[in-house]
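Take a look at this single chain, the form predicted on its own, given in structure tokens.
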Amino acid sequence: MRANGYETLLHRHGKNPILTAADWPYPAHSVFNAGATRLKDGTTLLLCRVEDRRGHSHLCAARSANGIDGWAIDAEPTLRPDPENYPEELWGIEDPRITYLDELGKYAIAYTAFSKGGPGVALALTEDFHRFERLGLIMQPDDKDAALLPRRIDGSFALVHRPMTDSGAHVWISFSPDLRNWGSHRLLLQARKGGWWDANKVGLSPPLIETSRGWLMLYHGVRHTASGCLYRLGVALFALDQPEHCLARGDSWIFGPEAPYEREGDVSNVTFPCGYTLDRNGDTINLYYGAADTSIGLATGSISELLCWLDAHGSS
């Protein structure tokens, strides 16, 4: 417990920020919003969003034996925008989220492709993070904050994403037989109204986490204030075989900008996770997040504690 009485569910690592532009082997303005996975040899891989001084982003891989330090960073961009063949990537590619698809034996990377039409959801597949198969744009602008579920639901692949619609910025789920053609769009999590911390817009943070009790979602909520937007993290739980059915949603946020590197940066007051890994015990979560759109931080927690907190502080 903290002095103010709130339970601390996610603990910042003492070495934060764990990666910054100063660590990069080539010129970079900022490094943030990294997708994460653990490779078969136990190595933690972060696929980091790297922004240059033009304001355009690409993706670059960083690998570590312990997921904390000793990062080996690719000497050049791992996945570059390819606007000649994919015009939706004209102004860069951003905010990757990684899901391993056991059915294909490949990692699926859902990322934001940014161009004149706005941000849209694109998808790429890889076995080794050296060679990539682009599937192109799968959700039209304005849409982002996307990740695949690791297995099919009722025979279909499932994608969680956040389109901007006339009704607002809410989290949706869509289904596909082949990763290319998408439909059966269903509302998953709606931004609340009024004075709530997540009243203005919500979006998926890292990919959903499969637990015995359901799909655990860590999501970001945005509140507009007189001094700008606040990006904070909340938690919800969805049924395993009917993920559009919300079992519980936390009433309050559980993690937000507090440290100096989270409060001050290119976009102040932002904690924005895009990736996680689980330890061998299946309970300890390592959450990698963008801090103030400038650097990458690490926070750790417990899946069982998050679920217990949701039991005490959530509603359906």
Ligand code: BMA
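Owing to the predicted nature of the structure, the values given are computational and were not obtained by experimental measurement. Counting begins at 1, following the sequence as shown.
We do not show the form predicted in complex with the named molecule, though everything after this point is about it.
For this session: Using a 4.5 Å heavy atom cut-off, indicate which stretch of 247-255, 265-273, 59-67, 281-289 touches the named molecule in the predicted complex.
Result: Every other range fails; the passing one is 265-273.
For this session: Would you confirm whether the three residues 49, 231 and 293 all fall within 4.5 Å of the named molecule in the predicted complex, going by non-hydrogen atoms?
Result: Per the other structure, all of 49, 231 and 293 touch the named molecule.
Exercise. Does the 4.5 Å heavy atom contact test between residue 144 and the named molecule in the predicted complex come out positive?
Worked result: Close contact exists here: in the predicted complex, residue 144 approaches the named molecule to within 4.5 Å, heavy atoms only.
Exercise. Would residue 88 count as touching the named molecule in the predicted complex under a 4.5 Å heavy atom rule?
Worked result: No, no contact at 4.5 Å.
For this session: Spell out, yes or no, whether the shortest heavy atom distance between residue 198 and the named molecule in the predicted complex is within 4.5 Å.
Result: Residue 198: no contact with the named molecule in the predicted complex.
Exercise. In sequence order, which positions of 84-106 have a non-hydrogen atom within 4.5 Å of the named molecule in the predicted complex?
Worked result: Contacting residue: only 95.
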